[in-house]
Every structure is written in structure tokens, then in C-alpha cells.
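Next come C-alpha cells for two forms of one protein chain, structure 1 first, structure 2 second.
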Structure 1
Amino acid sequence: MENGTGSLEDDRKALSVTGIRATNQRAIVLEVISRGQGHLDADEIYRRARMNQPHISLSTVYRTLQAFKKLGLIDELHFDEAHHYYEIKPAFEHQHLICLGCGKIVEFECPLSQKMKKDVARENDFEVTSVEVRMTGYCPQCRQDRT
């Protein structure tokens, strides 16, 4: 499941392994997220899923996202207060740069966050399960537009 899957049939197989019933609608939602190449909110997932499954409802998409999140198949990210974004559970822990101008999201690896996770866990006798670093600023295009 990490870093996306190949086909709708692969997504159905992956769902079966989790114990969740592998319906067409769930497989399509998983495929949309897998192929999303970015961070999609529920409305965008719904819009893309309807291209393949015109009868899917927005409430089905929301229920499916919550089930996938609970199963650990996807991550729910909060880059702003108004939206939740979803991505396939990544193969590696990564962090995010968010452009305040256009909303572009760039993923990057941060070895320091891994060290910090270990150090803080050890110093506080705490099981740290994830670290989220979010940096905001302006991408090259928006910086140019601001001048």
C-alpha cells in the first residue's frame, strides 16, 4: 500500500488484505488518492471518483476516508483550518512546505525530525508515533509575482 498502488484490481486486493470489504466505490476512492500525485481534499476526491463511478455520493467518500484513516491506509493532513487533505500512507516520513500564495505543497525529507522524534521519546519516556513539520512561505513563482 505504501506510495500508491498500480490498478483498480490492485487496490481491491489491498483492501481485502485489511479486512475491509473491497467494494468498487472503496477501490475507486483508494485509486483516486493513489494516483492523486499530491494532497487531495474530500471534494476533489469525490469529483475525481465520480468520473469513474457517477453514482458515488459525497457521504460515501467521507465514510470511506474515515475507514481508510482508521485502518492506517491513508494520512489525513491539516494544512489550513478549512480543509483536510489526504494522501496514501507514505513509505517514508516526510514533511511539507506550503506556499502562502498559491497553496502549492512540496514534500521534503527531514532527517532532523527523525532524530528529534527519538530524542524526545527517550527524554520523556513517550512513544512518539509521528512527527509533522509544516513550513510556510512562498514558492519561486509567487515570490516573483510579489515583487
Structure 2
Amino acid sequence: MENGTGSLEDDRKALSVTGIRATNQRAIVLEVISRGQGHLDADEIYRRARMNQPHISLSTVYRTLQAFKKLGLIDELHFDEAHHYYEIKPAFEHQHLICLGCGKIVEFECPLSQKMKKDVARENDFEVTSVEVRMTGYCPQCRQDRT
């Protein structure tokens, strides 16, 4: 959990490039999300951030998340009804497959989604800015447990 300061500096630099103030809180939130293997919700980010910065507030986490989202640094995902999840904007477009049994999330690439996007844009005369594909089902383990 503590390789910390070095890459926090990198996070600060990344932030100042974007034009917003590079605060410790923001650096830590960015760091947490980067290390977080994607798919952390606000509360989990808060909990992890507090390990480095015990006084960070939940409001700040939420505000930071909004800011990052607006800057395009992160993506906000809507997996279930209750929470949002955040991940660093991925280098390659990918989609999500969610196990209804254990909640495991699998990312997959989806070349078809690009074609789909073009088709839909043309047919509806839309400018399409994002495509989110979300499949749910049961992973091998959970399928076994169910029988």
C-alpha cells in the first residue's frame, strides 16, 4: 500500500497538466483509482484514500470524482442500481460482463461495438459519443454452485 509518495508526485503532475489545482486529496484519489483494478465505488475509494490521508472527507471524494469525470480522466460505470463505479479511462475501449452470482466483473473487448456505433449513428442521424455494453449472467463457478 506504500510505494506511495513517488507515484503520488506523478499524480500531482498529471493533475496540474489538466489545469485544476493539484491537491493531495486529488492526487490520492487518482492514485487509489489507478491501483484499484477498476471498479471501485465512492465509498471504497474513500476508505482506501483515508489510509494515506486520514482526514479526507467523503464530500471531497465525490467532488473529485465529478471533477475527474468532467476532465475525462475516469469513467463512471452503472453496474447496479445502488452505486456507481469508477475506473481510469481505459486505453482501449472495453465492455463489462457481470456475474449475478458473485458479482465478479469481467472486461472484454468488443470490436463489434464499433461497427454497431457506426450503424446506429448513421441510421438515426445521431452523433454518438459513447457506447456502453453491459451483459449479465453466471460465471462457471456460480453456475456449478447453482446445480
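Along the sequence of structure 1, residues get numbers from 1 upward. In this text, rigid core is short for the largest set of C-alphas that superpose within 1.5 Å between two forms. All of these numbers come straight from a predicted model, not from anything done at the bench.
- Here the chain taken from the form predicted in complex with a further copy of the same chain appears as structure 2, while structure 1 comes from elsewhere.
- The rigid-core alignment places the CA of Glu132 less than 2 Å apart between structures 1 and 2.
- If you overlay the core, the Cα of Glu123 moves by 2.5 Å between structures 1 and 2.
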